[in-house]
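Form predicted on its own, single chain, as structure tokens, below.
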């Protein structure tokens, strides 16, 4: 048996975690079961997200070839161990593993890669129907972020970035190489607060410097959510002569913004990459695995949802499927007798989201060269991180990698990508921290594999650097910058 306690920093300090109190009942329950203890891993995390997709104890099979079971992992959330009957919880998890039918879970999908799970359909629905969610919840989505706001609207950070941009333009103007149209792109505009802060600062600094850059500026706001874009347009109405907005799929920005290829002097992104679909891979005992998932609603959640529908529990899965296909407005029309209005459908959606969980299993990944991270990047890019690292589990950040690679194509030769997000810049962090997925209100958050992004950018001729976000104390946000290597 191998026991891996990852949140090592919490073993010391003023309120250290009592690991022995947690592991004792768990190991006792495992010892009383028939599982092969010689092939058992007990992995302890500290899941910092109050809302997430895990139970206190999860049992995960480690598969071999032809779906034969090679081992077992018992995953423990130390944050929620206090006050839990861990022996009973472990025994229940083992019983449900040995006898899947006894779990009485409502499965929403078959086993699938993490990036293809229906949890991302929930995530997309949140952004597509954000206005409805906010109406019922009574708060806007930024209030769900740590600190209640985005770091993107920081005035000092905007000023610093604009002055760097002005220095580049001044030099190009001196060389008579500055284009007439000066393109700046923001992806993931939120409610427009960042764009307004940036444009206000830009106009003022251009006036102080005595340059015509504001008149020549074309600021393009891109977002996946039409509702969010409308809010952003209203927020920057006084700058409407310099601003355009467009619906953009962040995982494929060139599909909507291809006309900007090699023209954008700045692409600004804030808290987008951590909200894009991702797989997870793991290296266990020298072998590489992909984590497959299966979304489900536990029995208690199924009963609660059935009560909201005045229906039997076996109807819940079908209604959740309709919700993901139709959205809350059409769902209310389709189930008028059960969900009498749109707010009722939204409350059903919110309840389903709160109960949503993920089963996980490890499936061998046969050949990194055969695994596609995104259309233009194979799994070979993972090799430098996985090799010689021992046991490791990490996000692949497929959506973020796709977005990053395609965004680089938009940059002017003197352009820059500037991104604030939750980046894992050193793979050793995965040894000691839980990096997702967690839940923010109705959406998903995963830390981004910054080491992978940096490696891919460097291989494509770009200088990719990370630095702490310096304009707010205590934040986990890191700033990525990328530009053509000189």
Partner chain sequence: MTPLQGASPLPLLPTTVVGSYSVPEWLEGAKTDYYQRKISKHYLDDIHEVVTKAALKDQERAGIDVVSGGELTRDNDIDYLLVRLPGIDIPDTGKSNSYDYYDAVVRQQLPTSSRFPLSLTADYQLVRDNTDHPVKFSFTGPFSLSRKLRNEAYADSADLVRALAELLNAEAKRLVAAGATVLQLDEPLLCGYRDQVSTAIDGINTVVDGVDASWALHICYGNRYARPSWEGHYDFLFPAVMDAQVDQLVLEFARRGYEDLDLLARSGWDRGVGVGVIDVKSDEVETAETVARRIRRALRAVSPERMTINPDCGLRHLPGDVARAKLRAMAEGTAIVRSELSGVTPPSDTTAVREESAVSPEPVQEGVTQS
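Positions refer to the first chain, counted from 1. Quick caveat: nothing in here was measured; it's all calculated off a predicted structure.
Omitted from view is the form predicted in complex with the partner chain, to which the following refers.
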query: Partner-facing stretch of 331-339, 269-277, 210-218, 168-176, counted where any non-hydrogen atom is within 4.5 angstroms of the partner chain in the predicted bound form; finding: 168-176
query: Distance check, residue 459 to the partner chain in the predicted bound form, heavy atom within 4.5 Å; finding: yes
query: Contact of residue 241 with the partner chain in the predicted bound form (heavy atom, 4.5 Å); finding: no
query: Heavy atom of residue 1 within 4.5 Å of the partner chain in the predicted bound form; finding: no
query: Proximity of residue 413 to the partner chain in the predicted bound form, heavy atoms at 4.5 Å; finding: yes
query: Contact residue in the predicted bound form, from 108, 408, 358, 75 (heavy atom within 4.5 Å of the partner chain); finding: 408
query: Contact residue in the predicted bound form, chosen from 389, 261, 230, 347 - any heavy atom within 4.5 Å of the partner chain; finding: 261
query: Within 4.5 Å of the partner chain in the predicted bound form: residues from 371-390 (heavy atom criterion); finding: 378, 380, 387
